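The data below hold one chain only, encoded as structure tokens and taken in the form predicted alone.
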């Protein structure tokens, strides 16, 4: 085919796509109805190179280079693929999707693994590359509004390999569109061991001001070539190098209020501090003691609250993260010129530590999920990671706690946002002493003199 013919064909496809989109129909409908859906191969008729590009995203690799967390090698990649911390106490390596040992009570088994949400078929797993990986990408799990999630479950093929099922039906493919809240929350709402556990929020019109306006996740997290912008959560390490902020000019900007006093606060106060006064989810887990569930399998002992039930803690945060075996959280100060007072959910997890090194140990969940034997899980993980003397490590492992600060970035409210008297009072939500203010400064910051006239006028108008 000549260069002129190729150009004409591409322009023809582009014109057809534009016409179809203008009519509210995703292009390619006739092709799918005629030939069915063959996975990324079908998508790439109009989106060439998309599958290969997707393999270089955090959603596929579950890891990236991390530059804002102390103690990490800047040349290595970190994320759910290999991190060890007490929200999950495992990762894709030690908790690779597998069939766990049979329950000694029921004789039944089940599939479990941290990479259950990975958008591949598990034969091409986290971080895989090449033609097979490109063909394994589950485009529709994010892009179809009629995806049958009952098909997305693991099974064993004729070779005994664990495969993650996908809905590659023409019906699902004909319902292509912008990812909906459901497409995102199927994984993100249930992360960390169940619904409202890790992040502790729901995204509905009743719980979030953005959802109430009809917005969906990708209205703020606008992907570029499948690379997804994220916030600066101290616990959310892996990223695609793109970040989203309320102060972006495409969102609220640096002066979002009509009130100049409130806009001045934006220099030192994160938007979330006033507009996300509550959070939820798990606040404690014990990976050393697992509880038997009604199906006679076991889960780590977990304490949690519903969305909007937990009061956050406030700390200065400059975007960098302290990272130790017993603490992961924000770094910052009142004096560094970069930090803002920011809300966080505090989570505390109990797990096993290496008696010799003091390092946090990971756990393979297969054995404890079957019979509650947690040290067997430590032993399996130590063997998988190639640690020396894994039997000794597991036997001598010492229980201990790690505290993690999770960012509060959802459950946004306008009508119930904090106002002057919620903070500037002796019993206000901000602990000015812990935030580094002197007694003299605190006396001034907690006096009604700061807001008396303003609130009196507002009260008069409200009445």
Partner chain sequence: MKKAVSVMVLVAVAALTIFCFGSIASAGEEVKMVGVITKIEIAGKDAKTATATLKDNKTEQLVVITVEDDLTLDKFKDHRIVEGDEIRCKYEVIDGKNVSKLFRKTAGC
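Residue numbers count along the first chain shown, from 1. The shown structure was predicted, so the numbers you read here are calculated from the model rather than taken from an experiment.
Form predicted together with its partner chain: not shown, discussed below.
- Non-hydrogen atom contact residue 150 with its partner chain in the predicted bound form at 4.5 angstroms: Residue 150: contacts its partner chain in the predicted bound form.
- Quick one: is residue 102 in contact with its partner chain in the predicted bound form, heavy atoms, 4.5 Å cut-off? Output for residue 102 is no: heavy atoms all beyond 4.5 Å of its partner chain.
- Query: Using heavy atoms and a 4.5 Å limit, would one call residue 253 a contact residue for its partner chain in the predicted bound form?
  - Reply: It does not: once its partner chain is placed as it appears in the predicted bound form, residue 253 has no heavy atom within 4.5 Å of it.
- Message: Quick check on residue 194: any heavy atom within 4.5 Å of its partner chain in the predicted bound form?
- Response: Close contact exists here: in the predicted bound form, residue 194 approaches its partner chain to within 4.5 Å, heavy atoms only.
- Would you point out which of 301-309, 259-267, 123-131, 208-216 contains residues with a non-hydrogen atom within 4.5 Å of its partner chain in the predicted bound form? That would be 301-309.
- Of the options 76, 248, 359, 146, which one has a non-hydrogen atom that comes within 4.5 Å of its partner chain in the predicted bound form? After the contact test, the surviving option is 146.
- Task: Quick one: from 387, 186, 346, 176, grab the residue that has a heavy atom within 4.5 Å of its partner chain in the predicted bound form.
- Result: If I apply the 4.5 Å criterion carefully, the residue I get is 186.
- Query: Quick one: which residues from 49-64 get a non-hydrogen atom within 4.5 Å of its partner chain in the predicted bound form?
  - Reply: Read in sequence order, no residue approaches its partner chain (within 4.5 Å, in the predicted bound form).
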